[in-house]
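Starting off, we have a lone chain in the form predicted alone, written out as structure tokens.
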Amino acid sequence: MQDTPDIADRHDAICVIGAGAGGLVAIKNLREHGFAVDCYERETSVGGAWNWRHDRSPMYASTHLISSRPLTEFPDFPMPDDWPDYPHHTQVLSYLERYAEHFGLGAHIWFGTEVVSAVPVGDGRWDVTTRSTGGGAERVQRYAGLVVANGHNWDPAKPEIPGEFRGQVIHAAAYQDTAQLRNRKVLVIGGGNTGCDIAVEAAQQAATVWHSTRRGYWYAPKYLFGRPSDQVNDRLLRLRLPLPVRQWLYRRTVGLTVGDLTRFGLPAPDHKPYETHPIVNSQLPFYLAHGRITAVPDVTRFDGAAVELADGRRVEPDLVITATGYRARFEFLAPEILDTDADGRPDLHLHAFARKHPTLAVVGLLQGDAGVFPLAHWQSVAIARWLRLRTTDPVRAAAVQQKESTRPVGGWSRTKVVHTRRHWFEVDHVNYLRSVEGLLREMETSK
């Protein structure tokens, strides 16, 4: 293709969108595979969702990891041994900042720059339009590949609740610290990890706390047998125990530790263990048992000062917090590029590779039963090796792509999950890594 005065051709360089954890690991692994990289980050520093200084960050003051340190750290950059099992979010940010500094990634990042659009222009190349977040003219550059790492926890999914409410309603994204809860009557909507954590904080600060959940979930303590619970699950996965056996063990273990939470008003799960993302919270049963949290069903409507519930009850909070998750958004890409369906769900092999565009990949679009950082690392290794194979042996690359495209989804993604947006990108981390390893091995045989 011919360059034009309006398009700067970056030749074999790869464009990375976002400098959060996924973007940083993508830059690092692409550089190690010999690619020039331009990363565009709309904020003024690295960290993505973990950088509490950013407007889009969902971090609140007490946020900690719900996956343990050994199962969250990058495989080639361990977290300090003297850190706690579940580090605070400020420690995670400092870890990402040190990662970027250690591997010299800052030189490849354009801060304060957002991507307006990315358009395929043939032969696997992409025209990427950017502009400064402070204003100014748009700029178009042409790249040999595109790696998207813009995160999926920044666009709040706000529930549509009919009626008018005279109190305050905020999404969990706007929750920052316990001062917002102190001495108030608080209703928390949402049964995920964030909703449970905020309900627990409200139990310690608010005058009254209601916790509304639409369905029942399986709740796990943060520790089992003296170890973080995700490490116990990791061991079971590595032993290749059949899913029904793991589900039986889960039921038995939870029964002996957490117990039957339906006696505190929580609904019974309508699914088996491992069919939804695990809820890891040791304190929720404690505060339910002490009457500091009242479990209530789904909200049906607002009515002035009152909130109507699915069982006909009415409660009168003065603060409603909707911990109802986030939407994955790729506003700089046309929906058909990622085969996005009407609900906004993209169709990606390994939740990473675009099926129609071999030079387009997404990093970090995963919901695992352990930390996402190691998964993003190996995703980006596979992406870098794939892009390198396309340049060194395009015929073999086409054969690998054809073979991979026939691999059943069940080989790398949970196929039996509750069909809601929250569970679109669920994976068992060990099984997922085995599938990525299979792709890497397939590409290794092409040498």
Partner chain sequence: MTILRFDDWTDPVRPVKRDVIAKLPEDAGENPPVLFVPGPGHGATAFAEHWLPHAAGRGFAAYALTPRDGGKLREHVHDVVQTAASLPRQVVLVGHGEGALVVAHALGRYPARAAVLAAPVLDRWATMGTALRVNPLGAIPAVFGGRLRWSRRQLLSAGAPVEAYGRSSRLVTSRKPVPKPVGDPPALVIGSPDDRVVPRKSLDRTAARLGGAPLLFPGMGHDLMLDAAWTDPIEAILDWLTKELSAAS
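Residue numbers count along the first chain shown, from 1. Please read these numbers as outputs of a predicted model, since none were measured by experiment.
This protein has a second form, the form predicted together with its partner chain, left out of what is shown; the following refers to that one.
For the options Pro244, Gly136, Pro75, Gly312, the one in contact with its partner chain in the predicted complex, meaning a heavy atom within 4.5 Å, is Pro75. Residue Glu101 is the only one of Glu164, Asp270, Asp341, Glu101 with a heavy atom lying within 4.5 Å of its partner chain in the predicted complex. Contact check for Arg125, Ala328 and His357: none of the three has a heavy atom within 4.5 Å of its partner chain in the predicted complex. Contact between Asp393 and its partner chain in the predicted complex is not found at the 4.5 Å heavy atom cutoff. Taking non-hydrogen atoms only, Glu444 approaches its partner chain to within 4.5 angstroms in the predicted complex. Val430 belongs to the set of residues with a heavy atom inside 4.5 Å of its partner chain in the predicted complex. Although the partner is absent from this view, Pro80 contacts its partner chain in the predicted complex, with a non-hydrogen atom inside 4.5 angstroms. Just one listed stretch, out of 277 to 285, 343 to 351, 101 to 109, 165 to 173, contacts its partner chain in the predicted complex at the 4.5 Å heavy atom level, and that stretch is 101 to 109. Along 10 to 32, these residues reach a heavy atom to within 4.5 Å of its partner chain in the predicted complex: Lys28, Glu32.
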